[in-house]
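Shown here is one chain on its own, the form predicted alone, set out as structure tokens.
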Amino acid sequence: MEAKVIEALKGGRRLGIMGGTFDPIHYGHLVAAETARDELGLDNVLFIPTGIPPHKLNRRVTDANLRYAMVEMSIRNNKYFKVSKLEIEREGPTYTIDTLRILHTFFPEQELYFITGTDALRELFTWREPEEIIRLAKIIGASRPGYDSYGLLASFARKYSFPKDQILLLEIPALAISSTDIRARVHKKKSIRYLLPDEVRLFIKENKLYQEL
């Protein structure tokens, strides 16, 4: 993990982790991270773009360094947000449990809060070592308005045993925006203005991203 990132995150008590493909990053991701930071008193939020996402091996994924660049330009004006190449620099498919173990080693004194969308949260117990993930970090399920997140938690409680305060829910209005929709709009030559930072929009245009799906 990069020395400059480790140094920047030292001394905190609560560290948010925003994992994802970020293909591309958009305002939904940024609002979710900022809401979690504000509501849960997080000292920092670390964005970790996935290197090789194990659940998307059959889908075209934009080069990791381009996705990292889009995250970096999106968060540079928020002093609480950091980005790391931790998963990008790891060989093979990247698993959440491995990332959390590494972060726990670097920041043993900090509580870890893993922020994810409810679409991903729904698959939590199909991930590698889900019980250990829940032990190492509180899971923050960011949902769009109208999504029955509490029904999802109730179904988890019926099927699995886990500390109930380890999975928390936050409603994020901007999560109506999705990376999938943005890619489709670019492919169809439709506007993506105001769905994501303008720097990212121009970066997508300059690098001719998402013209083919």
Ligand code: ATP
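Computed from a prediction, not measured in an experiment: that's the story for all the values here. Just count from 1 along the sequence shown to find any residue number.
Beyond what is shown, the protein has a form predicted in complex with ligand ATP; the following relates to that form.
With the partner removed from view, the residue among 65, 180, 166, 155 that has a non-hydrogen atom within 4.5 Å of ligand ATP in the predicted complex turns out to be 180. Shown here without its partner, the chain carries 37, 111 and 138, none of which come within 4.5 Å of ligand ATP in the predicted complex through any heavy atom. Among residues of the shown chain, residue 144 is one whose heavy atoms approach ligand ATP to within 4.5 Å in the predicted complex. Shown alone here, residue 175 lies within 4.5 Å of ligand ATP in the predicted complex, counting heavy atoms only. Heavy atoms of residue 51 never reach within 4.5 Å of ligand ATP in the predicted complex, leaving it off the interface.
In the predicted complex, ligand ATP stays beyond 4.5 Å of every heavy atom belonging to residue 197. The stretch in contact with ligand ATP in the predicted complex, judged by heavy atoms within 4.5 Å, is 19-27, chosen from 201-209, 19-27, 5-13, 186-194.
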